[in-house]
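Given next, in structure tokens, is a single chain: the form predicted on its own.
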């Protein structure tokens, strides 16, 4: 009742949905509409920036026929898997340490994990060049100790790209894994230990399975983010590392072939959608997404 009048229950039930109008509108104009335009452009055949056919499947055929794009996709998936695996191998122990640490130590570890996200990607890559380059800190120290006369190849290859990206994306594994670990009741682990299980068995049969939701979420997030890598492979990999994002960028900037670029981008979206579906299927075994 308001000012002596009764409000309709039907109007009240609609009010929560009205709160979604601003975000839904933003979603439509910033994601749905551009996606529709992208799909439509992928069927346009362009030459020199001029559309010569309004509907053609040649762009999708070239994705599989020319060999370059398909190899770039496979290499991108390989890099994504390597980066996500390294993030998991390094991030899980950090998350475990954060769980067992006190408040101050936990905040300090969290700062070190998140701090790379607070700096520019250019600044991070330049910093890694100063460390991993031919005259970087590692090579200078290596030669100074007399361990080698030739500089180590730490950049302009897959290794340089993996190092540069793991440094940043480590946080996207640590945070969800840490949240899953904090949700585990310590009494469960203590019960297993009281029954004679060693620390290794407690971790392998209790802690790790119960933390799998965070592991799957972190691994999937890093993997999907890595599929769209562009700037770090350009800087840290030079011309020796080619990803599908670099191929798409070249089609837009130098060849002005918006049709093929759009088709390749759609194929990347489909690959990411397939990866998310596989992650969901695997995650349902551990109660993720159910």
Partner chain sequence: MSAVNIENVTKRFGQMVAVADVSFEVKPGEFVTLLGPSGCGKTTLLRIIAGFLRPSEGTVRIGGAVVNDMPAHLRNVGLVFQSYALFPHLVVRDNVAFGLRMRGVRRREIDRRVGEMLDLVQLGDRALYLPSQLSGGQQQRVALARALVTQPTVLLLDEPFSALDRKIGELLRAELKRVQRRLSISTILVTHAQDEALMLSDRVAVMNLGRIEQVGTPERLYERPRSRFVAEFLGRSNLVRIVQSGRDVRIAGPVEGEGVPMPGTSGIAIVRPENVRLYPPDSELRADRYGGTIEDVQYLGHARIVRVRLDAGVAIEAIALSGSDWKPDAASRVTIEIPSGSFHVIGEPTLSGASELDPSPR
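Numbering follows the first chain given and starts at 1. Just so it is clear, the model here is predicted, and its values are computed rather than measured.
If you look for the form predicted together with the partner chain, you will not find it shown, but the lines that follow are about it.
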- Quick one: in the model of the complex, does every one of 273, 276 and 281 get a heavy atom within 4.5 Å of the partner chain? no
- Would you please decide whether residue 93 lies within 4.5 angstroms of the partner chain in the model of the complex, comparing each non-hydrogen atom pair? no
- 4.5 Å heavy atom contact, residue 85 and the partner chain in the model of the complex: no
- Report yes if any heavy atom of residue 103 sits within 4.5 Å of a heavy atom of the partner chain in the model of the complex; otherwise report no. no
- Message: Residue-level question: is residue 71 within 4.5 Å of the partner chain in the model of the complex, judged on heavy atoms?
- Response: no
- Just one of 130-138, 171-179, 213-221, 190-198 has residues with a heavy atom within 4.5 Å of the partner chain in the model of the complex, so point it out. 190-198
- Though the partner chain is not shown, can you say which of 79, 113, 206, 154 has a heavy atom within 4.5 Å of it in the model of the complex? 206
- In sequence order, the residues of 61-82 that place a heavy atom within 4.5 Å of the partner chain in the model of the complex are none
